[in-house]
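One chain follows as structure tokens, the form predicted alone.
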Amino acid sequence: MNAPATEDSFHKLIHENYMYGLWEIASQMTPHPRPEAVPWQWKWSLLERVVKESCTAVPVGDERRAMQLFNPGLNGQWATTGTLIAAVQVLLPGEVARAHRHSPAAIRFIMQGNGAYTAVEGEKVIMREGDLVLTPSWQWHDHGNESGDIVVWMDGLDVPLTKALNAIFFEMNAEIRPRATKPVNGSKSLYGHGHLAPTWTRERPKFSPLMLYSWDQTMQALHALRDRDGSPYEGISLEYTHALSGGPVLPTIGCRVQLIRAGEKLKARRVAGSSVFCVRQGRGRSVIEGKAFEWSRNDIVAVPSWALLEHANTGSEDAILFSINDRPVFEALGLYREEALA
């Protein structure tokens, strides 16, 4: 007959066999999220120097000239927040970044320069400052710059989420630049008309079939609503939507743009889910978990899940922020919640 188990011998037994008692790990069931990611800011004064030096230090070949923004709280993980990665990508006149595809979905927000393109599944999408361009999951895409400008954009991908699900797939195309099979900006001519969509198209993909959301249309929408009360937490905040369903542009990434009027100070709130914002225009201050970040054009800021966040416009003109978030995932799984500061 076995000797009676002592507490130490019992724990040794289960640990040696890859088991732990709930009483040992119950502290991980926290009253609220405690993300490892920290609020962080990448100032354009630094990014601009990195962009300039990358033009001579890093050639474009099979891989892109894309500087990934790693969150200091995540110990070297390929992540800007727990679920999202942002990067700054640079393309010089005449360069082509080879076609590839991957299971992580991606967006491009154009920060500087005009006239480069992203080709998505045979459609050349011409990019201008402030435009949002989609690269949905597993779609062939390449980049090229046929303009005279150095073009810089912010990439946003769901890499950390896809990696956590063990769903990373990647494939390089045999061709550097596959043949165009659709009209230039073809999806915009089909689907870029607000609530009007062609009746003869049968595809209803989970991602928006509109690949280009132009800055001109975005500004028109913002200014049409500028005199409304808006959200006390976000100002005049608009979501980029699926051209057919009205849902998020991608199943795993939401995209928003918000206008904060000169002198406006918004209220503080927490939301379940993380975000990354890029300053398109103006100056302001964001307080994230008690830490103040002063921002201006092209600065990029990471906001962890459940971080108390408030924005204020400290400049003399309207401030405009573009952001990506993981809210579509939280809402699809029934995990989204928010809490205003009492």
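Note that the coordinates shown come from a computational prediction; the quantities given were computed from them, not determined experimentally. Note that residue numbering follows the sequence shown and begins at 1.
As for the form predicted in complex with a small molecule, it is not shown, yet the points below apply to it.
The single contact residue among 249, 79, 91, 157, judged by any heavy atom lying within 4.5 Å of the small molecule in the model of the complex, is 157. Checked against the small molecule in the model of the complex, the candidates 188, 102, 270, 242 yield a single residue with a heavy atom inside 4.5 Å, and that residue is 102. The shortest heavy atom separation between residue 68 and the small molecule in the model of the complex is within 4.5 Å. Although the partner is absent here, residue 161 lies well away from the small molecule in the model of the complex, with no heavy atom inside 4.5 Å. Heavy atoms of residue 126 never reach within 4.5 Å of the small molecule in the model of the complex, leaving it off the interface. Under a 4.5 angstroms non-hydrogen atom cutoff, the small molecule in the model of the complex lacks residue 255 among its neighbouring residues. Comparing 137 to 145, 234 to 242, 189 to 197, 262 to 270 against the small molecule in the model of the complex, the single stretch with non-hydrogen atoms within 4.5 angstroms of it is 137 to 145.
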